[in-house]
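One chain follows as structure tokens, the form predicted alone.
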């Protein structure tokens, strides 16, 4: 479970929104939407424990280490870092106790699931944007974390890649994991989940997603 209590965040001591009180239960799937610069990615990083809020707190009912998995945006990665795709994906085993044999079996399965078997020895710098995104998602699929925080997971994915993504998200939700997704694709989200948190300088609204996507003007404002 994720619980935000009087949470405020922003830069230079200036909060982007009024205090946020929010509770997300296990097995929930929530979209985080809002204009560019509204603070969606910043809030996700605070939930992940990467940044500190200005005020308030986030409480997450999960083990301190290994209980939360965070999918960053691609521009946060160093594509020159000298590792191969399979090594990036295998980082999903962090804090997971499995034998070497099981690790190899599960790694190969994840590579197969995301269509990456033929790319496992490629360096990050030669991957296309879609290939890198599938590698990051494959890494996420290996984690045992009960809280999954995804920052724009559909970026760079073609239609097949998006189908794979949503198949996995449905599976994670069935497993009782708490999932939060930052996205601008409201038309797609409206067909795949129920609840959304809209972030704006006037305040945050947690409501059924069709409340935000029921008219074109709202779509333009939050995209």
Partner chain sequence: MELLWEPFTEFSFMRRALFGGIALACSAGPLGVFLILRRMSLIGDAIAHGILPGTALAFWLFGLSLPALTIGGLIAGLSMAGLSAWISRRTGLREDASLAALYPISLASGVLLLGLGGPKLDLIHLLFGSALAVDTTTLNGMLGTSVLSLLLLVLIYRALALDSLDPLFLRSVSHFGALAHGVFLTLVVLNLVIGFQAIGALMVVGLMILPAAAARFWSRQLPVLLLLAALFGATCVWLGLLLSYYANLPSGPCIVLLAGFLYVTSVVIGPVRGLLRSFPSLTTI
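Please read these numbers as outputs of a predicted model, since none were measured by experiment. Positions refer to the first chain, counted from 1.
One more form of this protein exists, namely the form predicted in complex with its partner chain; it is left out here, but the text below deals with it.
Residue heavy atoms within 4.5 Å of its partner chain in the predicted bound form occur in exactly one stretch of 26-34, 194-202, 167-175, 43-51, and that stretch is 43-51. Though the partner is left out of this view, residue 127 does not reach within 4.5 Å of its partner chain in the predicted bound form, counting heavy atoms only.
Contact check for residue 80: a non-hydrogen atom falls within 4.5 Å of its partner chain in the predicted bound form. Although the partner is absent here, residue 116 sits far enough away that none of its heavy atoms falls within 4.5 Å of its partner chain in the predicted bound form.
Contact check for residue 106: every heavy atom lies farther than 4.5 Å from its partner chain in the predicted bound form.
Shown without its partner, the chain has 139, 143 in segment 137-152 as residues with a non-hydrogen atom within 4.5 angstroms of its partner chain in the predicted bound form.
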